[in-house]
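Take a look at this single chain in structure tokens; it is the form predicted alone.
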Amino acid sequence: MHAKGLSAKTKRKMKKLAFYIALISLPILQFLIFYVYVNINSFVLAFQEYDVFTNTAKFAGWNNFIKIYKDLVETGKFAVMLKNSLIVWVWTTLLGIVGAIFFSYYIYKKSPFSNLFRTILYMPHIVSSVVLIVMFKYFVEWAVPSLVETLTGKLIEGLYSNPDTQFVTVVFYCLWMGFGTQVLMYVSAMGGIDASISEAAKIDGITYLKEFWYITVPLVFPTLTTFILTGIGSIFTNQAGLYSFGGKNVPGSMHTFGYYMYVELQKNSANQTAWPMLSALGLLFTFVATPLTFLARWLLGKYGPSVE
């Protein structure tokens, strides 16, 4: 009887294992094909060069990385893209998070006009990004100069067409666009805070600012950490909407890493000779972003606010 009981138990375990395997097989297959295979292929391509005469790829060693140094670093393009990418990252990720979490707290406390602010901040994610950029360009190019002329009598250029304010205008757009998702996530996280904690704090006479700093921020810190960590990768991938603003004709002084990669892939979609260099550049970005992400995660875990 004991042997039969073990046999039945083993059969149940086998059925559960078969169900589990069937459940995860498709996600694992997708991961192996669309992540592992694609990235391994990109890694191999970074050390190859394409021969147009023989229509084959051959090992190129470090030639693609040397080409990156000559074409981007020595010409100064890399420094410009690095500066612009970091500016966009600082404003949209670091400063954007600070603004978003304050707005979220304001909405969470159901302060005056909180629902209006929620709608205004999230509306950009409802409208198509291309349509929104067209509307935004018309506003900064025509409405703002007209408003300034009406109020001060001075004539000014459109904010996007003026080289002095062009990049600032794009950064402001990115900052505004980044609020919607963050506010939605933070408000949802704040909504999960046990009401008894806030009520107990109010009885003790805590102020709104202290409640925000000592209770709300620690309890939503995991959500905040997620945005910071994902933001690190965006340093090398965020094109800041530049392609929608100016297509392939954006001035070189405004290029970011993400925009450069996107435009180069668009221009060379059928030119296999350019793929190895782009793969090598992407590999470099990965080697930089990966340790930075793990370092930031360790620092946030070690020095971030504690729930206790």
Partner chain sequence: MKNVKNKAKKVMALSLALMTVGATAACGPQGEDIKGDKTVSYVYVVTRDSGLGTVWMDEMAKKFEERYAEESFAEGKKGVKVIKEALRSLTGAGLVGTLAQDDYDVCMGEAVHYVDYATNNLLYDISDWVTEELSDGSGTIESKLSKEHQEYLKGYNGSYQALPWFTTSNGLTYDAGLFDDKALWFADANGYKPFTTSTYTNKAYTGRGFVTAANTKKSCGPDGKYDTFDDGLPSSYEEFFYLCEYMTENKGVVPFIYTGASEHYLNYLFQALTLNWSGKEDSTTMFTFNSGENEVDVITGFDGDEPIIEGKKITKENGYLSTQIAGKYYATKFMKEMFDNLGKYFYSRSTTGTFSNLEAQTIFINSALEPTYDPIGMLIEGAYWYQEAADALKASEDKYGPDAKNRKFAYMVMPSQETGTVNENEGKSVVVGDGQASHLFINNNIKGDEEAESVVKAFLQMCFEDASLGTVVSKTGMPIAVNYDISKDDYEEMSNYSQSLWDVYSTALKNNSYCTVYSGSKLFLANFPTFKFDTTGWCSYKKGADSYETVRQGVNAGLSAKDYFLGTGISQDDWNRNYGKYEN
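Numbering follows the first chain given and starts at 1. What you see is a predicted model, and the numbers here were worked out from it, not measured in a lab. What we label the rigid core is the largest C-alpha set whose atoms superpose within 1.5 Å from one form to the other.
Omitted here: the form predicted together with the partner chain. The next part is about that form.
Is residue 263 close to the partner chain in the model of the complex, meaning a heavy atom pair under 4.5 Å apart or at it? Outside the cut-off, so no.
So, in the model of the complex, is residue 52 in contact with the partner chain at a 4.5 angstroms heavy atom limit? Yes, residue 52 is a contact residue.
So, in the model of the complex, is residue 252 in contact with the partner chain at a 4.5 angstroms heavy atom limit? Yes, contact at 4.5 Å.
Check residue 75 for me: does it contact the partner chain in the model of the complex (non-hydrogen atoms, 4.5 angstroms)? Yes, contact at 4.5 Å.
Proximity to the partner chain in the model of the complex, single hit among 163, 192, 205, 153 (heavy atom within 4.5 Å): Checking each option against the partner chain in the model of the complex, the one that comes within 4.5 Å is 163.
If contact means any heavy atom within 4.5 Å, which of 183 to 191, 218 to 226, 91 to 99, 76 to 84 contacts the partner chain in the model of the complex? Of the options, only 76 to 84 has residues within 4.5 Å of the partner.
At a 4.5 angstroms cut-off on non-hydrogen atoms, which residues of 108 to 144 are near the partner chain in the model of the complex? List them in order. In sequence order, 137, 138, 141, 142 come within 4.5 Å of the partner.
Did residue 266 shift 2 Å or more between this form and the one not shown, C-alpha, core superposed: Shift at residue 266: below 2 Å after core fit.
Superposing on the rigid core, do we see a C-alpha displacement of 2 Å or more at residue 52 between this form and the one not shown? Yes; that C-alpha moves by at least 2 Å between this form and the one not shown.
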